[in-house]
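Only one chain is shown below, in structure tokens, and it's the form predicted alone.
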Amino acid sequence: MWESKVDDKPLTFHLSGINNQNFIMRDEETGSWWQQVTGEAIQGPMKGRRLNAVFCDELTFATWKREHPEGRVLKPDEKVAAKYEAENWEEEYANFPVVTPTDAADQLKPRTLIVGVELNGASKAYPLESLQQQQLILDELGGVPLFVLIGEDRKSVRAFERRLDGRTLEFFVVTEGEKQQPPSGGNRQLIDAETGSIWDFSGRCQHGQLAGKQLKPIPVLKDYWFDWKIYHPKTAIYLLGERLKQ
């Protein structure tokens, strides 16, 4: 998601084409072409300029509605409803060939769904399947201690900085039957090892010594491996069971 202003001048964007399954947008004011994935102008008078990113989440509607019960939803356009992607579009697209060169030595298949994180010039890809198995991944990237967490719906993903008030916290997940009291809702709880406080999926502490504290969110991008590595050629890859280096 990007701001539609450059140098405080609003631009009007339209879909111009698709490259590597990323939208190419064209602005009416200058005729420049912009990449969806990077927000960079790749052709025209604005070439080389970048749009300012707007923080956003990629969540299921159920998760979003639970957190924002009074939130407004953009109504589907009935005129083009038949062109909307199916709910299982990820499974369908997994069988499509890719047009970019593939490397036989790659640790991941081209259409492996990953959660990409970029911090302080460093980037890392976390395979969605690994995250679904572990639920929570503790890591450090670009000098920032963080964790990546998948929602109980096994689709929504968020990442947060683990550093709070100058202290780095360790987190773990407990499931139904192991949960502490009072409950935080759902079938699991996110708990920090240092204080035993209970946190929710929004990164806010709901109960315990740190109640009311909010962890700093980190932008994530759910993407295909072949696409992520094009724009992050030096990216690291998280391997299932990888131990955090202290």
Partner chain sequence: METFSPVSPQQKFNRKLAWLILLVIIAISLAVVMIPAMLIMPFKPQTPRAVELSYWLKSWSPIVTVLALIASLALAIWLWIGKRSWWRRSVLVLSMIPVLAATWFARQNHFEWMFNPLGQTAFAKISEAGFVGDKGMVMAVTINGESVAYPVRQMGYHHVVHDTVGGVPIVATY
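Positions refer to the first chain, counted from 1. Predicted, not measured: the structure shown is a model, and the values here were computed from it. So that the term is clear: the rigid core is the largest set of C-alpha atoms that superpose within 1.5 Å between two forms.
Not pictured, yet referred to below: the form predicted in complex with its partner chain.
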Task: One stretch from 115 to 123, 75 to 83, 136 to 144, 159 to 167 that, in the predicted complex, holds residues within 4.5 Å of its partner chain by heavy atom - done: 75 to 83
Open item on the list: Just to be sure I understand the contacts: of Gly212, Gly31, Gly48, Gly196, which is the one whose heavy atoms reach within 4.5 angstroms of its partner chain in the predicted complex?
Closed with: Gly31
Open item on the list: Since the partner isn't included here, can you check whether its partner chain sits close to all of Cys205, Ala236 and Leu239 in the predicted complex (heavy atom within 4.5 Å for each)?
Closed with: no
Open item on the list: Does any part of His232 reach within 4.5 Å of its partner chain in the predicted complex? Heavy atoms only, please.
Closed with: no
Task: Lys109 within 4.5 Å of its partner chain in the predicted complex, heavy atoms - done: no
Open item on the list: Under a 4.5 Å heavy atom criterion, is Lys65 part of the interface with its partner chain in the predicted complex?
Closed with: yes
Open item on the list: Is Pro217 part of the interface with its partner chain in the predicted complex - any heavy atom within 4.5 Å?
Closed with: no
TODO: May I ask you to list the residues of 1 to 17 that have any heavy atom within 4.5 angstroms of its partner chain in the predicted complex, in sequence order?
DONE: Met1, Trp2, Glu3, Ser4, Lys5, Leu11, Thr12, Phe13, His14, Leu15, Ser16, Gly17
TODO: For Asn19, decide whether the Cα shift between the shown form and the other one is 2 Å or greater, given a superposition on the rigid core.
DONE: yes
